[in-house]
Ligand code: PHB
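Starting off, we have a lone chain in the form predicted on its own, written out as structure tokens.
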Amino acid sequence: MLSKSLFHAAVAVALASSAGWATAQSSEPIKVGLMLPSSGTFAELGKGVADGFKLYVDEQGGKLGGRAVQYIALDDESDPSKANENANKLVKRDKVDVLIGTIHSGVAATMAKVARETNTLLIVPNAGAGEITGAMCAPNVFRSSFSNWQPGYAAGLLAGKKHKTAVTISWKYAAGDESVKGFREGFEKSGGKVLKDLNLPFPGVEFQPLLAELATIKPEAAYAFVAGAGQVKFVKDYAAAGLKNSIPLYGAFLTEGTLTAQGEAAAGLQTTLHYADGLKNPKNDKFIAAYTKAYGAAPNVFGVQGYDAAQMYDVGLKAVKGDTKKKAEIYKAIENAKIDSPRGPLAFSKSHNPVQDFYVRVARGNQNVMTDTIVKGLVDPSRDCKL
């Protein structure tokens, strides 16, 4: 049996050891794996996410949860065939504490699989693939963006206010399919009918045959989902085909970040999204000023989604005082977070999708200007999530 003095000595050694470990951990930087596209169709979108994330960290003095941050960036090339190898490099080779990614839904789905297998925190700052927070939902997988269903559903509600028939046009991949499904659900809830879904393989941009078929069908409205450089060509082709004035066009991301390139062809187009240029709230006023000062250009929704991904991780880290070993506590803190976002109030559903307002935006000059709120606190039903 230990004497009292020996017992106290043992306790002192244990406490010193524990304190030493904590000090050693707190002196090590948090490793943030930025698995985003820096080349190809979605390069500018990936840059916006990364810029937004880094802006928030810079505002915290270069720290998250009181610890310095080390970025490990990897170009995912928007290539699903490389996603497993790339995600495992970051997790197993580079030992990142969190994965931030990505834009492409197919790549993000593989990232979610790796995150589940390794119990690594994943925050998806854009890709809206339903399975990520549906059948694949997990305690350690979150979104700072949207589900593909959400903006499509909101657009369906908007179009359904004025029209009874519609045709959809999209890329044939997960994001396109799910966005169209959301539009159909919202449009039909409003009493409308989708006459036909037209599509072409991602990332094809030969839209003319689809536009010719659209003109033949003659619906009252059209909904389109393409992204990045593809949406520039689509909007221009739509106007050039003489359809802009005869069949009103609706979208979600259709004019996001590309209005300058789209020019007059985009003027007046209505879209629905969880952010709008110049959205008036105190948080967004500060965000726009800081982002513009840092990067020389006003932010778009991708910058917001990156910024909020950093906010979310900071909430989790602060709850455990920077102790990344306390994973369950980090996940629970993020799940229960109520975040003051530039987009407005941001919370999370049981499946870890954002609960957020969706706005009606009209393209005016180089801005998507908010004209209304189409639905408040929209929750993706995530019917396949078993959390």
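One-based numbering along the sequence shown. This one's a predicted model, so the numbers in the text were calculated from it and none came from an experiment.
Quick note: we don't show the form predicted together with the ligand, though the next part is all about it.
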- Note on the structure: Per contact check vs the ligand in the predicted complex (non-hydrogen atom within 4.5 angstroms), the hit among 67 to 75, 188 to 196, 235 to 243, 100 to 108 is 100 to 108
- With heavy atoms only and a cut-off of 4.5 Å, decide whether residue 295 touches the ligand in the predicted complex. no
- Does any heavy atom of residue 45 come within 4.5 Å of a heavy atom of the ligand in the predicted complex? yes
- Query: Though only this chain appears here, would residue 272 touch the ligand in the predicted complex if you measure heavy atom gaps against 4.5 Å?
  - Reply: no
- Query: With a 4.5 Å heavy atom cut-off, would you call residue 148 a contact of the ligand in the predicted complex?
  - Reply: yes
- Pick from 302, 250, 153, 142: which residue has any heavy atom within 4.5 angstroms of the ligand in the predicted complex? 302
- Message: Under a 4.5 angstroms heavy atom criterion, identify the one residue in 127, 210, 259, 222 near the ligand in the predicted complex.
- Response: 127
